[in-house]
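Below sits a lone chain in structure tokens, taken as the form predicted alone.
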């Protein structure tokens, strides 16, 4: 009788992490940044239909990088969970922290128990109100969750892009200025990213009850070109 092939738990976790990291690194990057009057979500994404950034609920947005079919399934699951909680209790009970915790638990379970990890990283962003602060929740492929009050960078070259954001990000600027800072960090010193290569959305009070809005076309061009108010 043949003996089963043995791999130590430490080696298995290392292999799983390397597998997930390689898959995520192949994807284009994304930045979520908190501005004075909302949250800016910007990704390098030439596709007009395969979105990295989407709405989850009234004041909550979802961002994903990595394998599209995997993070889109998580997006759909988040929408369903938010809708069910809002119907069973109230709309005010739906919050980004509980959604991020659910994602973290699922990703952590798949990472430790599954045959292969999910090749995804996520951000759940929530625009604050009178009872909650504006927050960004970063969920990694192995289920680690962190909350941020400034910005989050996901995807390939995340380390270099985060360094550029550290050098240029200023808290309390307008949405347009935060957008230009994020786009410059994504592009780096040797490239220019035009509107046709970007996917941009914002969470802001001035958008109405549905705070999530995509920024496209002439509006995006104007924001990229405008001066700080």
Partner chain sequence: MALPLFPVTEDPGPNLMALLEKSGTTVAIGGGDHPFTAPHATTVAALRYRGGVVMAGDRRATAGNLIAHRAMEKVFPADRYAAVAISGTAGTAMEMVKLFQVQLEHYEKVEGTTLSLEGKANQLSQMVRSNLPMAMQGFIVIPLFCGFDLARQVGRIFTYDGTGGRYEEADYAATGSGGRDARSTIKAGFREDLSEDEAVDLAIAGLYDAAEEDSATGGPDPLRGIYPIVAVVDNGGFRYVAEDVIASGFERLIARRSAERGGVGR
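Quick caveat, the model's predicted, so the values are computed rather than measured. Residue numbers count along the first chain shown, from 1.
What follows is about the form predicted in complex with its partner chain, which we do not show.
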In the predicted complex, which of 204-212, 8-16, 217-225, 21-29 comes within 4.5 Å of its partner chain (heavy atoms)? 204-212
Tell me, out of 116, 132, 91, 97, which residue has a non-hydrogen atom within 4.5 angstroms of its partner chain in the predicted complex. 91
Each of 57, 79 and 85 within 4.5 Å of its partner chain in the predicted complex, by any heavy atom, yes or no? yes
Heavy atoms within 4.5 Å of its partner chain in the predicted complex: does residue 138 have any? no
Looking at the partner-bound form in the predicted complex, is residue 74 within 4.5 Å of its partner chain by any heavy atom? yes
Under a 4.5 Å heavy atom criterion, is residue 151 part of the interface with its partner chain in the predicted complex? no
If you check in the predicted complex, is residue 145 within 4.5 Å of its partner chain, heavy atoms only? no
Restricting to 97-132, the residues within 4.5 Å of its partner chain in the predicted complex through any heavy atom are 99, 102, 103, 106
